[in-house]
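Given next, in structure tokens, is a single chain: the form predicted on its own.
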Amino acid sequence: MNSVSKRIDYLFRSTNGLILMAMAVVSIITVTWGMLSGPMAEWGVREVTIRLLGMQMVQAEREARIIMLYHTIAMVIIAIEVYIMTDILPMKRQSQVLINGTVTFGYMLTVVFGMLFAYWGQNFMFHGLYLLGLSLIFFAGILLSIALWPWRPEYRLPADSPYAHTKKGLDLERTAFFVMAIATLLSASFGAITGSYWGNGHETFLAEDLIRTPIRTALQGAIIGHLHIMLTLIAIAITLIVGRWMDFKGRLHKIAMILMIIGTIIITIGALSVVWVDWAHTTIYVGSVFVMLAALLYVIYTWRKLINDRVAELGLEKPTFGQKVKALVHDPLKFGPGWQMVFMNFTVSGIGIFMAVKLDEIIRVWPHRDERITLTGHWHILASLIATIILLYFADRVGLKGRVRKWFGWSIIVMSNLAFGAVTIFAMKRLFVAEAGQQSIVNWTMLLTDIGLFTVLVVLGIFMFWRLIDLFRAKGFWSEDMAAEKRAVALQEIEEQRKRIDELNKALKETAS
């Protein structure tokens, strides 16, 4: 019984345990609901899955099911990012525990009751508990924003700090995290306000279905803006997280944090103003340029750091170009996040900008289905690339080493790039092939996509199975994680207690004088 309680303690109280549990939830959802996808339907797997699980799949409710599915997955991903932020950013232990506990309970309610309501009959008690879960996650966001408040004296940086700060010591990186958290709360409020009008002026729809609708209601505009900004903010959060992981600092760090703060604010204004003005998307594009430049500076810094660190480790005084390239790609887990951001420009950002510039000239000449496919792929690729960066980061956190580290990292990078590259070609095929001759491209791009995604899921499954087996070992890696977490917590509590004593002594001296 004691061993069981230790493992529960690890899963619910340690940062790595919380992330692992959330990743397991996402994995289960991905695999299970992946059985309902297009290829699975063609092979007959979809119908078997529906019958085995007893799902109620009314065609008229398809859009609503998809919306709830996306929301449940998004809430788990947000919870993972929250766990990481409460761990890597200085804050009081009490705040960390309260935030983590609230967001954990929130996403669990959202996942369980959201899926029950969407796929196993519309029991509105389940829907109420689903909304309660979303509300708890929102409350956790408020708590996180309070904890991140960067103007507290204890979070000021010294004048000689290599990390981005103002002349008065304001931590710009922490400010970027804070701005991102506030922007997320604003966007979530837009979604919640619209949701409150469901059935009373607002009907369920998928954003890609309205791309050629000239007149939209304010509530529809709010949902479109909400969709634009939420995924962007999740991407901004993971960019800031991996920047902290790679010890991003120096002049590039200061410029990047200023760009990130400005870009986040502009994108948020643009996304929320979709409700009122026609030129809101232009504002979003301007903000995106700032954010993309910040990400570019991160890539430049980290790739230079990876090369210099590896060259120094090998003792090379004048490395050749080939040696520098080998040094750069030596560790796929640390090389991967930067590469995925670069690759994102070819499959997401570049495609999005091209579509915006050539919207009337090319895109709107296509059949509606082709434009819809391109937009849907655009959002899915961005979300999936963010997921791969989280996987690479977490694999490093849990200490993956040696050949396993390389195999895991390169499998995730190469196979995800294969899948997303193929999807991009599939989505943009009308640029270089006539409709009558597109079948061969459809066939091989879909085959490559299936191979790439299947491999990524298999690698993820092996990784999660390894962590599951490790939980049954008395002296597994989980026990090392837990021991390290307890030591860090003890040191943090001692430091907080010391500060309280110092403040009390100072107050007593001032009273005595």
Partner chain sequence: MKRILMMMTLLLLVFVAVSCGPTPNIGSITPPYIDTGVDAEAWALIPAGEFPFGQHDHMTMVDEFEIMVTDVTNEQYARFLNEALASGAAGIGEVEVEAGESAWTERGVFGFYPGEPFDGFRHEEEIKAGDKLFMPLEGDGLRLVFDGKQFTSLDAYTNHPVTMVTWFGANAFCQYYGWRLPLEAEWEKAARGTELVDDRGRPFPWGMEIERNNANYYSSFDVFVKMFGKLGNTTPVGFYNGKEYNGYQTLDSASPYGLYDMAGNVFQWTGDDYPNQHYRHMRGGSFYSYQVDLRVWKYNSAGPQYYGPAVGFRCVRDVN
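Positions refer to the first chain, counted from 1. Since we're looking at a predicted model, the values are computed, not measured.
Below: the form predicted together with its partner chain, not depicted.
Proximity of Lys401 to its partner chain in the predicted complex falls outside the 4.5 Å heavy atom cutoff. Its partner chain in the predicted complex is not approached by Lys254, whose heavy atoms all lie more than 4.5 angstroms from it. Remark: His127 does not count among the residues lining its partner chain in the predicted complex, judged by a heavy atom distance of 4.5 Å or less. Contact check for Asn123: every heavy atom lies farther than 4.5 Å from its partner chain in the predicted complex. Here the chain stands alone, but in the predicted complex its contact with its partner chain, taken as any heavy atom within 4.5 Å, falls in 59-67 among 471-479, 25-33, 484-492, 59-67. Here is the short version: of His330, Arg364, Lys92, Arg152, the single residue with a heavy atom within 4.5 Å of its partner chain in the predicted complex is Arg364. Interface residue among Asp160, Glu317, Asp360, Glu313, judged by heavy atoms within 4.5 Å of its partner chain in the predicted complex: Asp360.
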